[in-house]
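For reference, the chain that follows is the form predicted on its own, supplied as structure tokens.
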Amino acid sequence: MRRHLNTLYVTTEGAYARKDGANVVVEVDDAERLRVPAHMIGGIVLFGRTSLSPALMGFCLEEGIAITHLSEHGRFLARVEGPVSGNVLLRRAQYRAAEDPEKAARITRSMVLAKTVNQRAVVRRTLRDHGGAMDDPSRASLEAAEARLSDIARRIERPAGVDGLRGLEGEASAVYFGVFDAFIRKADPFFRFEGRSRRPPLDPVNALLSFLYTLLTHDCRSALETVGLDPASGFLHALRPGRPSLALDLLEEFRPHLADRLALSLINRGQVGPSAFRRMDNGAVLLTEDGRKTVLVAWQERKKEELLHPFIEEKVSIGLLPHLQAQLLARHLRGDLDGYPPMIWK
């Protein structure tokens, strides 16, 4: 359970990670930069031209520690993992549910409803904390978005198939990102947000969001594999070769509070500035190496915070939420729970 708190991110170009006795050592230019107990690591994420020793790779594969390779800009490249830990009966139940229109719609409805309600919570929080200082048009646009997201949430609860729910999810996202710029209190025009762009991100806010979504996808995928589910077979996201559809499904309920709010905090508090980004010749905007390090430190700190889980009614660290939700989904698929209880922030 603690391993999701301890992802090792290797970001410095030329860094080399190796196992030294009971420790993992990271070296740059033959100089030791980091030493951590190996048993405390739950995942290793390598950025760009970084590498690790065969001995460390063997240790990770034996211990079920996933190794993820990302480009220097955070784009997913590959993942190395040991023997699949999946329970054949659980995976069989997962595949059957995915092929059953009614069961697939019930699970999809829970995930889409959670995402929409959590997006609405971000809007409400902004109105509550900063609405009084906003100009009239900005406050009115947020109030309208809050009302529309409430209406969409009500429609999500009505009977509908997976395709209809996908349409409502898209409608909610359009409303939410339509007012996202009003969440940004930094007056600097460098951080203006005019719409979601990805592959590549075309402005600093999108670069920040895309990077955080990549980190969150890694955590969701690891959580699903840990409980024995197949991360490639989803409900909301259609099957596509190479796509971790179920990890992307699980990601949706976490986006607003774990990724979007962290991105906004980093901008609004001035923790990232223009020097944390660079524009490429093709128009893409990416985080610099120092920018990535700032975000990774904030990400790890955010995962250490605790909250009261609304379903199990226990305090848990935020870093363990993907694991808990993966367990609840597995229990539902086994028939231990009548429905899948998604994570909804109060």
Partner chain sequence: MSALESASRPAGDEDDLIPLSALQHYLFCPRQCALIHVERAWAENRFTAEGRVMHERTDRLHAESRRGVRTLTALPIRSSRLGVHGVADAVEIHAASGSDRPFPVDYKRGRPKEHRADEVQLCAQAMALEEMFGVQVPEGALFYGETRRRFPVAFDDPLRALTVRIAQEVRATIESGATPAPSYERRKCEACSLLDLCRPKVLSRRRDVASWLRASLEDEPPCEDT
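Fair warning: this is a prediction, and the values are worked out from it, not measured in the lab. Positions refer to the first chain, counted from 1.
Another form, the form predicted in complex with its partner chain, is not on view; read the next lines as being about it.
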{"item": "Its partner chain in the model of the complex: contacting segment from 174-182, 193-201, 234-242, 120-128, heavy atom within 4.5 Å", "value": "120-128"}
{"item": "Its partner chain in the model of the complex: contacted by all of Phe47, Gln271 and Asp281, heavy atom 4.5 Å", "value": "no"}
{"item": "Selected contact from Gln94, Ser210, Ser110, Ser222, since only one has a non-hydrogen atom within 4.5 angstroms of its partner chain in the model of the complex", "value": "Ser110"}
{"item": "Partner proximity in the model of the complex: Leu89 to its partner chain, non-hydrogen atom cutoff 4.5 Å", "value": "yes"}
{"item": "4.5 Å heavy atom contact, Ile344 to its partner chain in the model of the complex", "value": "yes"}
{"item": "Contact test in the model of the complex: Asp136 vs its partner chain, heavy atoms, 4.5 Å", "value": "no"}
{"item": "Exercise: Thr11 in contact with its partner chain in the model of the complex, heavy atom 4.5 Å", "value": "no"}
{"item": "Residues within stretch 213-244 having a non-hydrogen atom within 4.5 Å of its partner chain in the model of the complex", "value": "Thr226"}
